[in-house]
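Only one chain comes next, encoded as C-alpha coordinates, the form predicted alone.
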Amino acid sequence: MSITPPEQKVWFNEPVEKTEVIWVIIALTWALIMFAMMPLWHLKGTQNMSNEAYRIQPDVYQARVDAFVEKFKVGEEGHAKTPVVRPPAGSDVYMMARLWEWYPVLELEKGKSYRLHLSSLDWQHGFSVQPANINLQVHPGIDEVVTITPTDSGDFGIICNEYCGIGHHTMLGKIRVVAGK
(Lines give C-alpha, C1' and ligand atoms only; values in the text may rest on other atoms or scores of the structure.)
Protein backbone atom coordinates (compact mmCIF):
# COMPACT_ATOMS: atom_id res chain seq x y z
CA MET A 1 0.00 0.00 0.00
CA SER A 2 1.31 3.44 -0.88
CA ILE A 3 0.67 5.10 2.48
CA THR A 4 2.91 2.78 4.40
CA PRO A 5 6.69 2.75 4.07
CA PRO A 6 8.26 -0.08 2.06
CA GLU A 7 9.35 -3.15 3.99
CA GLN A 8 12.84 -2.94 2.52
CA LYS A 9 14.91 0.07 3.54
CA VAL A 10 16.61 0.11 0.10
CA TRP A 11 13.42 -0.27 -1.97
CA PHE A 12 14.84 1.26 -5.19
CA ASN A 13 17.12 -1.75 -5.77
CA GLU A 14 14.18 -4.14 -5.95
CA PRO A 15 13.46 -5.70 -9.37
CA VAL A 16 10.78 -3.99 -11.48
CA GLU A 17 7.75 -6.00 -12.55
CA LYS A 18 7.38 -6.86 -16.24
CA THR A 19 4.09 -4.95 -16.69
CA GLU A 20 5.63 -1.79 -15.26
CA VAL A 21 8.55 -2.04 -17.70
CA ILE A 22 6.10 -2.51 -20.60
CA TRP A 23 4.10 0.61 -19.62
CA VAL A 24 7.28 2.69 -19.27
CA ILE A 25 8.41 1.54 -22.74
CA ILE A 26 4.99 2.35 -24.24
CA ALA A 27 4.98 5.84 -22.66
CA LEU A 28 8.57 6.55 -23.76
CA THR A 29 7.87 5.35 -27.31
CA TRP A 30 4.75 7.53 -27.55
CA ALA A 31 6.65 10.56 -26.21
CA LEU A 32 9.40 10.06 -28.82
CA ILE A 33 6.84 9.72 -31.63
CA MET A 34 5.08 12.93 -30.54
CA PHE A 35 8.42 14.74 -30.27
CA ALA A 36 9.34 13.67 -33.82
CA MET A 37 5.90 14.67 -35.16
CA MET A 38 6.05 18.28 -33.89
CA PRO A 39 8.27 19.62 -36.71
CA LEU A 40 6.29 17.60 -39.25
CA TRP A 41 2.98 19.04 -38.02
CA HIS A 42 4.41 22.52 -38.22
CA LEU A 43 5.78 22.12 -41.74
CA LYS A 44 3.08 19.93 -43.31
CA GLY A 45 0.02 20.60 -41.16
CA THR A 46 -2.56 23.27 -41.83
CA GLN A 47 -3.43 24.00 -38.21
CA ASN A 48 -0.41 26.19 -37.45
CA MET A 49 -0.15 29.66 -38.92
CA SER A 50 3.34 30.71 -39.85
CA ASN A 51 3.92 34.26 -38.78
CA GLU A 52 6.47 37.00 -38.38
CA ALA A 53 6.80 39.45 -35.51
CA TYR A 54 8.51 42.83 -35.39
CA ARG A 55 8.94 45.44 -32.67
CA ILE A 56 7.04 48.66 -33.33
CA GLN A 57 6.01 51.68 -31.31
CA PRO A 58 2.22 51.84 -30.83
CA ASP A 59 2.01 55.39 -32.21
CA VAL A 60 3.91 54.34 -35.35
CA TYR A 61 1.55 51.38 -35.81
CA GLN A 62 -1.48 53.64 -35.38
CA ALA A 63 -0.10 55.97 -38.05
CA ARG A 64 0.23 53.00 -40.44
CA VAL A 65 -3.34 51.90 -39.72
CA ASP A 66 -4.65 55.43 -40.22
CA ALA A 67 -2.83 55.75 -43.56
CA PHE A 68 -4.13 52.32 -44.60
CA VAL A 69 -7.72 53.30 -43.74
CA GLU A 70 -7.44 56.63 -45.53
CA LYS A 71 -6.10 54.97 -48.69
CA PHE A 72 -8.52 52.02 -49.00
CA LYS A 73 -11.73 53.09 -47.21
CA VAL A 74 -14.92 52.10 -49.10
CA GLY A 75 -17.57 52.82 -46.47
CA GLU A 76 -18.58 52.80 -42.82
CA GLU A 77 -20.41 50.32 -40.65
CA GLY A 78 -22.36 50.35 -37.41
CA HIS A 79 -23.37 53.12 -35.04
CA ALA A 80 -19.69 53.90 -34.33
CA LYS A 81 -19.14 54.41 -38.07
CA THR A 82 -16.20 52.02 -38.14
CA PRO A 83 -14.47 52.32 -41.52
CA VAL A 84 -14.77 49.42 -43.99
CA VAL A 85 -11.52 48.97 -45.88
CA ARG A 86 -11.05 47.01 -49.12
CA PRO A 87 -7.34 46.66 -49.95
CA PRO A 88 -6.05 45.16 -53.21
CA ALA A 89 -5.26 41.45 -53.25
CA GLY A 90 -1.73 40.56 -52.21
CA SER A 91 -1.25 43.72 -50.15
CA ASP A 92 -0.41 44.35 -46.53
CA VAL A 93 -3.57 44.86 -44.47
CA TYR A 94 -3.65 46.34 -40.99
CA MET A 95 -5.92 45.66 -38.05
CA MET A 96 -5.51 47.38 -34.72
CA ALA A 97 -6.67 46.30 -31.28
CA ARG A 98 -7.51 48.91 -28.69
CA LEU A 99 -9.89 49.21 -25.78
CA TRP A 100 -12.50 47.87 -26.78
CA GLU A 101 -12.56 47.45 -30.52
CA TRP A 102 -10.92 45.89 -33.55
CA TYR A 103 -10.28 48.60 -36.12
CA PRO A 104 -11.10 48.71 -39.09
CA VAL A 105 -13.52 46.27 -40.73
CA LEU A 106 -11.61 44.43 -43.46
CA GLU A 107 -13.21 43.43 -46.76
CA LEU A 108 -11.06 40.81 -48.47
CA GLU A 109 -11.41 38.81 -51.69
CA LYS A 110 -12.01 35.08 -51.51
CA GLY A 111 -9.03 33.04 -52.72
CA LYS A 112 -6.55 35.94 -52.61
CA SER A 113 -3.63 36.14 -50.18
CA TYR A 114 -2.97 39.05 -47.84
CA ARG A 115 -0.34 39.86 -45.22
CA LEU A 116 -2.38 40.70 -42.12
CA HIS A 117 -0.61 42.95 -39.60
CA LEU A 118 -1.95 42.86 -36.03
CA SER A 119 -0.92 44.97 -33.06
CA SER A 120 -2.39 46.54 -29.96
CA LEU A 121 -2.20 50.11 -28.75
CA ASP A 122 -2.79 49.38 -25.06
CA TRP A 123 -3.05 45.86 -23.60
CA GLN A 124 -2.63 42.27 -24.63
CA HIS A 125 -5.64 41.10 -26.63
CA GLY A 126 -6.69 37.78 -28.10
CA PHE A 127 -7.49 37.67 -31.83
CA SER A 128 -10.04 34.94 -32.44
CA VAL A 129 -11.79 34.63 -35.82
CA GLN A 130 -15.19 32.96 -35.59
CA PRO A 131 -16.19 30.41 -36.84
CA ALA A 132 -12.71 29.70 -38.24
CA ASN A 133 -10.21 28.23 -35.83
CA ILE A 134 -7.73 31.12 -35.79
CA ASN A 135 -6.43 32.28 -32.41
CA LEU A 136 -3.50 34.64 -31.94
CA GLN A 137 -2.18 36.80 -29.15
CA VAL A 138 -1.84 40.50 -29.98
CA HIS A 139 0.64 42.50 -27.90
CA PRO A 140 1.38 46.22 -27.73
CA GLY A 141 4.71 47.04 -29.35
CA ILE A 142 4.69 43.91 -31.53
CA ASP A 143 3.61 43.87 -35.18
CA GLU A 144 2.38 40.31 -35.72
CA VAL A 145 2.27 39.49 -39.46
CA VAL A 146 0.28 36.51 -40.72
CA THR A 147 -0.30 35.53 -44.34
CA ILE A 148 -3.95 34.63 -44.84
CA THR A 149 -5.95 33.36 -47.83
CA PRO A 150 -9.71 33.40 -47.23
CA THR A 151 -11.36 30.26 -48.60
CA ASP A 152 -15.00 30.97 -47.73
CA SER A 153 -17.20 34.00 -48.41
CA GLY A 154 -19.19 35.70 -45.67
CA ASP A 155 -18.79 37.73 -42.52
CA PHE A 156 -16.32 36.45 -39.94
CA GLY A 157 -16.54 37.83 -36.44
CA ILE A 158 -13.46 38.73 -34.45
CA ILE A 159 -13.58 38.52 -30.70
CA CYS A 160 -11.03 39.29 -28.03
CA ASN A 161 -10.42 36.09 -26.08
CA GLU A 162 -7.95 37.62 -23.61
CA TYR A 163 -9.57 39.55 -20.75
CA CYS A 164 -8.72 43.22 -21.35
CA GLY A 165 -10.91 45.13 -18.93
CA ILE A 166 -14.49 46.09 -18.18
CA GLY A 167 -15.52 46.40 -21.84
CA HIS A 168 -13.89 43.12 -22.91
CA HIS A 169 -17.23 41.54 -23.82
CA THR A 170 -17.92 44.35 -26.31
CA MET A 171 -14.60 44.01 -28.17
CA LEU A 172 -15.83 42.78 -31.52
CA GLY A 173 -14.60 43.21 -35.07
CA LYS A 174 -15.29 41.83 -38.53
CA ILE A 175 -13.59 40.48 -41.61
CA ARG A 176 -15.89 40.33 -44.62
CA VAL A 177 -14.86 37.98 -47.42
CA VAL A 178 -16.40 38.67 -50.82
CA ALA A 179 -16.24 36.76 -54.10
CA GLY A 180 -13.59 38.06 -56.50
CA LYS A 181 -14.39 40.33 -59.40
Partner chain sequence: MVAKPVFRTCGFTGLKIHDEAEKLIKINAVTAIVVLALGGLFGLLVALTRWPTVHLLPADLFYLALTAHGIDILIVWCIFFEVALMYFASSILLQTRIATPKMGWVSYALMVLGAAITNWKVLEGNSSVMMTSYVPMQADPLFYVGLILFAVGALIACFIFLGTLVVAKAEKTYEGSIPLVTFGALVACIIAIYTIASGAIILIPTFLWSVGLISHIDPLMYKVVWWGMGHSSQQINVAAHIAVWYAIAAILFGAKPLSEKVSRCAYLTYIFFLQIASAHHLLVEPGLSSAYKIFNTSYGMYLAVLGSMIHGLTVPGCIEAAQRRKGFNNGMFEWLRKAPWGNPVFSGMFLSLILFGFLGGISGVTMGVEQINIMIHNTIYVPGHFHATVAAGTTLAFMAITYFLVPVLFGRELILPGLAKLQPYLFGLGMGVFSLFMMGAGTLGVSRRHWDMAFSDAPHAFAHAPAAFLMMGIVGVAAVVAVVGGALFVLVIVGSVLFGKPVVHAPAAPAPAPSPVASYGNAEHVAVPGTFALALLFLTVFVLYYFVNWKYLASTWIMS
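Take the two forms, superpose them, and find the largest set of C-alpha atoms that agree within 1.5 Å; that set is the rigid core. Residue numbers count along the first chain shown, from 1. Quick caveat, the model's predicted, so the values are computed rather than measured.
Not pictured, yet referred to below: the form predicted together with the partner chain.
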| query | finding |
| --- | --- |
| Residue contact check: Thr82 to the partner chain in the model of the complex, 4.5 Å heavy atom | yes |
| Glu70: touches the partner chain in the model of the complex, heavy atom cutoff 4.5 angstroms | no |
| Proximity of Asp152 to the partner chain in the model of the complex, heavy atoms at 4.5 Å | yes |
| Residue contact check: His139 to the partner chain in the model of the complex, 4.5 Å heavy atom | yes |
| Residues from 143-169 in contact with the partner chain (non-hydrogen atom within 4.5 Å) in the model of the complex | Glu144, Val146, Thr147, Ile148, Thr149, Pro150, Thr151, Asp152, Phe156, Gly157, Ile159, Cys160, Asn161, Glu162, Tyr163, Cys164, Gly165, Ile166, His168, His169 |
| Rigid core superposed: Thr170 CA moves 2 Å or more between the shown form and the other one | no |
